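Shown below, as structure tokens, is a lone chain in the form predicted on its own; questions about how it binds or moves come after it.
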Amino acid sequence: MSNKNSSNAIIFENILFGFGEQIILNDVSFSVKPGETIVLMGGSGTGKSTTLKLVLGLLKPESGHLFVDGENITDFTESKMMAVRKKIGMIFQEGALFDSLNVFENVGFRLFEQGASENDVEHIVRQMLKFVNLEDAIYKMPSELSGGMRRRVGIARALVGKPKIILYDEPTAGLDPPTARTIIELAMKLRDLEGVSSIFVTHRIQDAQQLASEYVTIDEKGEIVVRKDEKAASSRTKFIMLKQGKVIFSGSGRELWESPDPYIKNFLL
């Protein structure tokens, strides 16, 4: 077993997972360092969403070991996983909002469930909405929001409790390029300013290129700015390509784009 489990946010160690005869993940190993984003790519059915479900403990591996924030969660019971999930924010494709609740109630849902006072909830919700530039939408219903706004509310909700780890499941799917860019910039803000560790599942090459070549910093005026700097971005972002349940590539964005592998070249077209 690994002795590096305490210094990594997530570790997959020789993970095998399948349904019956069908193997989904076959001897998969990789780690996510603190403050690092792992961009997980591959065709449909290659095990990307399964990877996220394993981290959340919604699925259990058949063999191997899985560490989250220094804990070996491989055999954790559901009650033990509840504590682990508090450290994890989950951002879905559609934002996954409760349609009958307004933005304030959606973002504060976990806090209300924990019995927090309305004043405390409002303070935290406003902080989270400020982070995603949606303070003005606090009392709107999901039906009044655009697709991009719904995703941003989903991100605000995932940030409640200041999770150390965030899992993104195709967060830009179906969005137009400018709106998708906004979502990626929020992911970069979390990576570069908050030191959040993440697994980012995407099939969009534009997302991957942006994460590999840009980073967020604060300028001398105290403003948040996005800068192009492949070296700075690549020190915080690594890429993993899955094919038929196996890791066929692990490395930087530049190494991915320069890979001679026919499957990877075809995927990146």
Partner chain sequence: MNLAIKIVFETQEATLMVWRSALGLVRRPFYIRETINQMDIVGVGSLPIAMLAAFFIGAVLALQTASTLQAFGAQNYTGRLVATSLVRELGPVLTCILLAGRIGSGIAAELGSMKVSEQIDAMRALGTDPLRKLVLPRIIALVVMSPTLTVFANVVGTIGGLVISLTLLHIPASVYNTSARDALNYHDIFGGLLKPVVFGFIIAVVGCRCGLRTQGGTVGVGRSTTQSVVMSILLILISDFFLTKLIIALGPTGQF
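Numbering follows the first chain given and starts at 1. Remember, it's a predicted structure, so these values are computed and weren't measured experimentally.
Keep in mind the form predicted together with its partner chain is missing from the figure; the text below concerns it.
- Only one of Lys231, Lys33, His203, Lys53 comes within 4.5 Å of its partner chain in the predicted bound form through a heavy atom, and that residue is Lys53.
- This chain is displayed alone, yet in the predicted bound form one of Thr74, Gln93, Asn102, Thr179 has a heavy atom within 4.5 Å of its partner chain; that residue is Gln93.
- Partner proximity in the predicted bound form, defined as non-hydrogen atoms within 4.5 angstroms of its partner chain, places exactly one of 171-179, 193-201, 126-134, 74-82 at the interface: 74-82.
- Using a 4.5 Å heavy atom cutoff, none of Gly42, Phe67 and Phe249 lies near its partner chain in the predicted bound form.
- Although the partner is absent here, Pro61 lies well away from its partner chain in the predicted bound form, with no heavy atom inside 4.5 Å.
- In the predicted bound form, its partner chain sits within 4.5 Å of a heavy atom of Arg110.
- Its partner chain is not shown here, and in the predicted bound form it never comes within 4.5 Å of any heavy atom of Ala187.
- At least one heavy atom of Phe98 is located within 4.5 Å of its partner chain in the predicted bound form.
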